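Given next are two forms of a protein chain, the same chain in both, each as structure tokens and marked structure 1 or structure 2.
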Structure 1
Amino acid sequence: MLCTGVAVGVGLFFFWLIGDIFLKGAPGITWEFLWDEPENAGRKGGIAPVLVSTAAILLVTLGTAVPIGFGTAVFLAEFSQGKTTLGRMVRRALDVLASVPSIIFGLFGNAVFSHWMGLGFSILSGGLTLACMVLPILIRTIEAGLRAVPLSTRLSAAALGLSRVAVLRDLIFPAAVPSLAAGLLLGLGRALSETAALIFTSGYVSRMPESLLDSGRSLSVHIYDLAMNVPGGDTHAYASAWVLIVLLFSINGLTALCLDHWGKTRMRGL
């Protein structure tokens, strides 16, 4: 009884929270809102430049994190099997990295990309900071996908005299595609929800960015700024939160589809 009561209570609370965002956000969603520049510090107008900046930051993030993460995952899954010293150390370092709070990434990004490398408050600084942040989840998912390819596939290929490169390219990657996509989407979702690491790396200029070296405000930073610093910005903060949540839910849905498919291919392999 106690358990059911608590579960119902907490469930209702959650629906209150999600329902609040959806109901208060939905009326603000119009073409103009998605298409226009913000006016009057965001109280009026739309979020077009914010969406463009967000997309640019995410492109920088994935453009940097995917090659490095992919290489690391291949190394951990195919070349080291978790047994070499380097493999063990890298995995350990990634576990620690996964638990570093986002504000610390913000400090790091500010010190390294904005100041030391001289990129200032820019989309590039923000994107690179987020790339460091999403690496662990990206690597973990891709590695799990590569490892899920059955050993028999590798052994048969080796018995047929295929080179390792050919095995990876023609057998393992195709089989692991869904999990690669899932890793990418998980990283994307994580980057999209991040705020604290961006406030002082990519900054909060809400103009349309002209290059990657311009400061750009991400969707999450826009919500924060409207809610905290702009009196009367609530309506547009809710509408922006609505957009953010819908984007995240779509990404999560796609991830679930990928993982589902991955489970099925694995079943067939067995």
Structure 2
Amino acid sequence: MLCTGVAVGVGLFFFWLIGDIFLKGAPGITWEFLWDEPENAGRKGGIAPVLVSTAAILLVTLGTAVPIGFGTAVFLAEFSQGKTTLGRMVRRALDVLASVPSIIFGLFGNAVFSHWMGLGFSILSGGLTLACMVLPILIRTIEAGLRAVPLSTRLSAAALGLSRVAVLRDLIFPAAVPSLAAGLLLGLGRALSETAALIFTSGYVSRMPESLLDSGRSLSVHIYDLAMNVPGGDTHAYASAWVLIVLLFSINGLTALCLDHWGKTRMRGL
């Protein structure tokens, strides 16, 4: 009974939060809002440059984090398995990094990427900083998915004479696809909603970026700025939050559909 009440309470809070954003943000959603540039400090106009900057930051983040995260997860799950000093050190470092506040990552990104590497306040600095932030959760989720594949699968493949590369490619990776997608979604969710780290790295500039070295305002930073620093910006802040929520729902829904289609295709292939 208690568990049911808690679940109902969480569900009601979720629907109240989403409903409030949708009701207050939906009236401001127009084609002009999606395609125009911000005017009057964001009180008027649209969010087109903000959307472009957000997409560019996400591409840099995923393009950097996914290869590194995937390779590290494979090493931890298949080659280390907690028996090597390096593997234990990497796991402990990931656990510490996962608990570091985002503002610390922002200061790190500002010091390393913006100043030491000379990238300045740019989309590239913001994307690389977010990549550092999402790596712990991405690696841990992918590692858990790879380790969840039964040991009997590996032993059976070895008995048949399959190479380790063939086992990873044809047996372990397909079985771990749901966990890979979960890690990617969690990383995307954190990157889309991050604010503090991007204030110190990608900056506040709301004009249309021309390259990855231009400063760019993400959607979450835009919402924060309108809500906290711009008097009269609440209407556009709610509309921007509405767009952010729709993006998150769309990404989750599309991923679920792709996984379902992939699963059915794989079953037919078997």
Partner chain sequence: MSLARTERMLYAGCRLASICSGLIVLFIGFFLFKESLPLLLKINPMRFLNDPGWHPTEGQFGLFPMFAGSLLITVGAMIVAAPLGIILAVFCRFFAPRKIANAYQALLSVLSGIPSVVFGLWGLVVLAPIIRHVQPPGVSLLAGVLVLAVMILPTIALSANAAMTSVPFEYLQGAAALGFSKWQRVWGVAIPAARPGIVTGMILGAGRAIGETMVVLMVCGNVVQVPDSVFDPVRTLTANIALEMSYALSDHRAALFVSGLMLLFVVMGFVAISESIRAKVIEK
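The term rigid core refers to the maximal set of C-alpha atoms that superpose within 1.5 Å between the two forms. Quick caveat, the model's predicted, so the values are computed rather than measured. Each residue is numbered by where it sits in the sequence of structure 1, with counting from 1.
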(message) Just to confirm, one of these is the form predicted in complex with its partner chain and one is not; which one is it?
(response) 1
(request) Having superposed the rigid core, state how many Å the Cα of F249 shifts between structures 1 and 2. (result) 3.6
(request) Report, in Å with one decimal, the C-alpha displacement of V8 between structures 1 and 2 after core superposition. (result) 8.1
